[in-house]
Structures are given as structure tokens and as C-alpha cells.
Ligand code: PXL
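Heads up, the chain below is alone and in the form predicted on its own; it's given as C-alpha cells.
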């Protein structure tokens, strides 16, 4: 990545990234994860909240929700008027087809000359769509994913995006068929998460112009809320630091594992992972 020297001090090229997703005021996920991780990676991070929740929806009841869909186009129009533009846009959970259409407009109207879009189609897992979504939403999400430079789906999401039948047990040929279907549908670069070929390991399969490559790491039996957001945010942070797609995917995976390890053994911390104390590890990996 280009460096410049100002009064004897080295400065990285300063990237401005827009991330569009909800804010769960309590609970380590979505924007409360994306903002600190991207900032720690050295990027100017601009947020566009799609909704504000008192807590996230996993394990909490009676939470409050304020939908901000109506505010999104006015915010984007103001930015365009002020000539505010971005080196990258990264989306997480989007609550409606209308929000997807607004993001597509922003990808066209708020981009700098050098621009990259990274879409996490956060809509499904374990073979099922999240309760808020239906197949009509999937059809709209296809428009966003296949217009993006990079998508970061899990296996379930990739199956919904392509029509490939979901399988709990699979081999490399099955994963290759999903990636082939993603490419045929228009995907450019895909980072497929949660790909596991053994009981003790999992990993990510990266498909880009260089081909297909797998990064494997340890698998923990107990899942943690928000790790997908931690992963995607760290991936975007590394990518904008000039790392290759595969290296960014590997760094993000290692960082996420460290966050899970840092939280293990604390039953009271059921709502996310303690990612903040592990940020120095991420920064050190990015500086290599």
C-alpha cells in the first residue's frame, strides 16, 4: 500500500469506508463491532444505521426496535450534496428490500474512483432463513450480492442465492459446486465462511481471479453471537490495508478465533465475544 512521509513520519494511505447495518446498543454485533474494528485497522469509518435496537435479538426479550429505513435516502442525498464519497462500502444485516435498493444507489452515487464493495448477505444459517425474511427478500439480496465486488456468505446463504440444495454433510465437490453456481450467477469474488471438512476444524473458501483456495482453522463446538460481524469487519479492515483477499480472509479468521478464545469460560458473557482486548493482535497482523 502506498506510503507517504510527512516530517519523517510514515503514514498509510487513509481509506474512508461506509458500513451500513443496524446498531444493537447492547450486545457485541453489527455496528458496535464494525466501527471499532475498522477504526483500529486504520480506516476512517462512516456509519449508516439501518435500525436501532436496545439489544440484539438472540437471547433477549422485550427489546426495542427503531427502524431507520426512511432516513437512509435523505442521509445519502445529503452526503452526495456535500460531495462526500467513499473508498469502500460494507454491509451487514439489512432489514428490508427497500434498504437493499438504497445501498445499491449508494454504491453508484457515493463511490470514489477507486472503490470496492463488500456485502455480507446476513439473512440465513443452518439451512434456514432468519424469521424476518422470505424468498422475496432473497431475490432482492441477489441483486446486491451479484453487483458487489466481494460477497461473504455462509453456506446456507450461498445456497439460497444460487438455488443449490442445502446439505449438512458435504465434501469439497459440493463446496466447489456452490462456488461455481455463485460465479455463474454473477459473483466476482466470494469468501465462503463456515466450510468444515472435519469435526475439529472449519474455515473459509476463497474464490477470486486467482482461483479457489481454502484456509482451515480450529473449530469450537459452542457458537458465539456476533462472530460473523467480527469476521466480516476484520476482513474488510485487512483488505483495505492492501492485503490480498485470501490473506485478509485468513487474518480475519485467526482474529475471530482469538476473540472466541478470549471469551471462553465466561458464562455471563453470552451475548457476544470480547473482541476489544484482542484488537492489538489484529493490528499486529495488519502491520506485517
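Residue numbers count along the first chain shown, from 1. Rigid core (definition): largest C-alpha set, two forms, superposition within 1.5 Å. The structure presented is a predicted model; accordingly, all values stated were derived computationally and were not measured.
The same protein has a further form, the form predicted in complex with this ligand, not shown here; the description that follows concerns it.
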May I ask whether 29, 53 and 93 each come within 4.5 Å of this ligand in the model of the complex, counting any non-hydrogen atom?
yes
May I ask you to choose, among 130, 174, 146, 166, the residue with a heavy atom within 4.5 Å of this ligand in the model of the complex?
130
TL;DR on 257-265, 39-47, 223-231, 243-251: the one with heavy atoms within 4.5 Å of this ligand in the model of the complex is 223-231
Heavy atom to heavy atom, is residue 24 within 4.5 Å of this ligand in the model of the complex?
yes
Core superposed first: is there a CA shift of 2 Å or greater at residue 242 between the shown form and the other one?
no
